[in-house]
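Shown below, as structure tokens, is a lone chain in the form predicted on its own; questions about how it binds or moves come after it.
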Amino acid sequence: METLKSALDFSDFPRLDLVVAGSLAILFLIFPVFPHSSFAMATMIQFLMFSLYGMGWNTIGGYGGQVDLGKAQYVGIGAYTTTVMLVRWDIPFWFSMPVGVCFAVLWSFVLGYPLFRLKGHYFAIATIATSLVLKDLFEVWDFVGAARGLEISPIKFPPPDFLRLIFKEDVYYYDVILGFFFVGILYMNWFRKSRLGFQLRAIKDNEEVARSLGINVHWAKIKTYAIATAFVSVVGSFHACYIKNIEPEDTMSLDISILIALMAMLGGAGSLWGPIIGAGILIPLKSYLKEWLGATAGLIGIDLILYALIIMVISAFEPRGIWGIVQKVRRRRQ
């Protein structure tokens, strides 16, 4: 009960923030009612997915200060677990998704124990290496389809199937991922005020001081890494049912890992709203600029240039991202 009260307690935010957040929540709920294109719906689903990815990364990267660039491997573990269990043994999403989380968390413990002996850029490089090695293993593993991947056939599981998450209309996928999105926000609101959340802030500021206060630094990082992994794995399982055709390059590439980290960094790492702000900017930018400039105007690659330019400009003004800029403006007014 206390945990639920803490998750629902947003009293430390200014009233304006809560009004904006509440308005956006209502907008998300009623979005399917208004006329929209399939492209807009797909963009909204991608936004919610990457918001959750960013929330997960924010636990270890934002609050813990550990730059993890290997989160795509856990996207792949969740996606492949759900797909394999559904295709080979007809086990529905709501049963296979927790199994995928368990596999991903177990793998995070195996990696986390030695990796968190490293610091700074050595840790970031190590996470990239482990992710690429796992991707290479999946590309030659016949049981999971090797490089060609696996496909979930809607013919074999005729939609709508709420147990297996097989739908014809994307609105159902939107409703499911929106539910995960709200649960993720509530969890992150609790996490930032939890004992582990305060321990991570102390570790980020100064590890030696944190140790002197009796904090088990290594174990705190491992636990947080597992939490971040669980977030990513859940969305990876959803991704498999939504896309219905997964392969190592689609779910475990370095591009996905970097994009997940950029979401939180751009919006504001170490803040509740940062990953959501980052995803709200980068996902529509990525989708619509690629469509308008890449396909329509034939300017291949210009979308990536603009995409990188915005990140560099914001980072130059405030290393803490957009949320840091908002807080700086507020302090000046006060």
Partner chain sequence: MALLELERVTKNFGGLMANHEISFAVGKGELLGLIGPNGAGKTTLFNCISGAYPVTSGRIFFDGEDITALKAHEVARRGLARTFQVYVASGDLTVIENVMVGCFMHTRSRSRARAQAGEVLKDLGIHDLSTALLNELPVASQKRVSMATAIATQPRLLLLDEVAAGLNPGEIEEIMGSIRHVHEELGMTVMLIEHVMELVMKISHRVIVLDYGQKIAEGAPEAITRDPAVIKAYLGERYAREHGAV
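Numbering follows the first chain given and starts at 1. Just so we're clear, the structure is a prediction, and the values are computed from it rather than from any experiment.
Although it is not shown, the form predicted together with its partner chain is what the next lines describe.
Q | Proximity to its partner chain in the predicted complex (heavy atom, within 4.5 Å), stretch among 150 to 158, 98 to 106, 211 to 219, 175 to 183 | A | Careful reading of the contacts points to 211 to 219.
**Q.** in the predicted complex, Asn206 touching its partner chain (heavy atom, 4.5 Å)
**A.** Judged by the heavy-atom cut-off of 4.5 Å, Asn206 is in contact with its partner chain in the predicted complex.
Q) Using heavy atoms and a 4.5 Å limit, would one call Trp94 a contact residue for its partner chain in the predicted complex? A) Because no heavy atom of Trp94 falls inside 4.5 Å of its partner chain in the predicted complex, the answer is no.
Q: Answer with yes or no whether Lys244 is in contact with its partner chain in the predicted complex, where contact means some heavy atom within 4.5 Å.
A: Contact check for Lys244: no, nothing within 4.5 Å of its partner chain in the predicted complex.
Q: Would you please decide whether Arg88 lies within 4.5 angstroms of its partner chain in the predicted complex, comparing each non-hydrogen atom pair?
A: No, Arg88 is distant from the partner.
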